[in-house]
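The chain below stands alone and is given in structure tokens; this is the form predicted alone.
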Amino acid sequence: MTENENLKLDNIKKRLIVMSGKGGVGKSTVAVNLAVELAERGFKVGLLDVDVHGPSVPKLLGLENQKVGTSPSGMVKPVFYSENLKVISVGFLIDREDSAVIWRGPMKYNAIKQFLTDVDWENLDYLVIDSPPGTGDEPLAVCQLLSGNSEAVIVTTPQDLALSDVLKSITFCEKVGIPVKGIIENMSGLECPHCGKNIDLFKSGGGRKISEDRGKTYLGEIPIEMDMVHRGDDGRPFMKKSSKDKSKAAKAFSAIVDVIIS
């Protein structure tokens, strides 16, 4: 990255790369709600969706029909979700929801580079980056292009199958020089709507154990709540909910953000 391109990122104080070693762990939902909660607290936040082949962020925010603009200086203008939250996604660049993006590694690298350096993010307190699962082209491109003030937040579910892939994500971060801010255990239990007891659908405690074993911060666990699922499908982020203080999952998100900003 050239000095000029680095200067364009100097206005971003902190960069949080939300990663998972395995798909299906709710990483995009976590990334979106972390960004929304940070924005709700008054921080200036950018949300960058670099999942080239399966961008979920526009739908989760109810922005499917939005398109990016161009500033007078020729830079890309992000889509505004709220006064404090700006968003960029490949999803804003494709015409139809069922369009397939068929790009090889170099094209993905160049697209992500443009998202980071040619977007008019202005001054941000946080840039939250939703990276696709695994340790392939997209997360590697992000980590190579970003330098300084960048940390990874790794999302897992409790079962052994997911945890084995989390170890790969931790090793990946260590090799590319990105500190791990912490680990989040998502889908951590379900409260029975009839008796109120907790049901460990995917076991429990795996995220905490792997954090302790590898000496990483355990950010917390987020339980399964059907309202989170419905609101995601409807494009209404969970952490925008007016009664979120009554929800265990919302309290978990809030506590995780407390640790992130501390």
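Heads up: residue numbers just count along the shown sequence, starting at 1. These figures come from a predicted structure and were not determined experimentally.
If you look for the form predicted in complex with a small molecule, you will not find it shown, but the lines that follow are about it.
Chemist: Let me know the one among 220, 206, 26, 58 whose heavy atoms come within 4.5 Å of the small molecule in the predicted complex, would you?
Modeler: The option sitting close enough to the partner is 26.
Chemist: Just one of 210, 52, 224, 63 has a heavy atom within 4.5 Å of the small molecule in the predicted complex. Which one?
Modeler: Of the candidates 210, 52, 224, 63, 224 is the one lying within 4.5 Å of the small molecule in the predicted complex.
Chemist: Should residue 229 be classed as touching the small molecule in the predicted complex when contacts are defined as heavy atoms within 4.5 Å?
Modeler: Result yes; residue 229 sits at the interface with the small molecule in the predicted complex.
Chemist: Indicate whether residue 178 is a 4.5 Å heavy atom neighbour of the small molecule in the predicted complex.
Modeler: Judged by the heavy-atom cut-off of 4.5 Å, residue 178 is well away from the small molecule in the predicted complex.
Chemist: My question is simply whether residue 140 lines the interface with the small molecule in the predicted complex - judged by any non-hydrogen atom within 4.5 Å.
Modeler: Because no heavy atom of residue 140 falls inside 4.5 Å of the small molecule in the predicted complex, the answer is no.
Chemist: With the partner left out of view, is residue 76 within 4.5 angstroms of the small molecule in the predicted complex by any non-hydrogen atom?
Modeler: So residue 76 does not count as contacting the small molecule.
Chemist: Based on heavy atom distances of at most 4.5 Å to the small molecule in the predicted complex, which listed stretch, 182-190, 163-171, 77-85, 119-127, is the contact stretch?
Modeler: Careful reading of the contacts points to 182-190.
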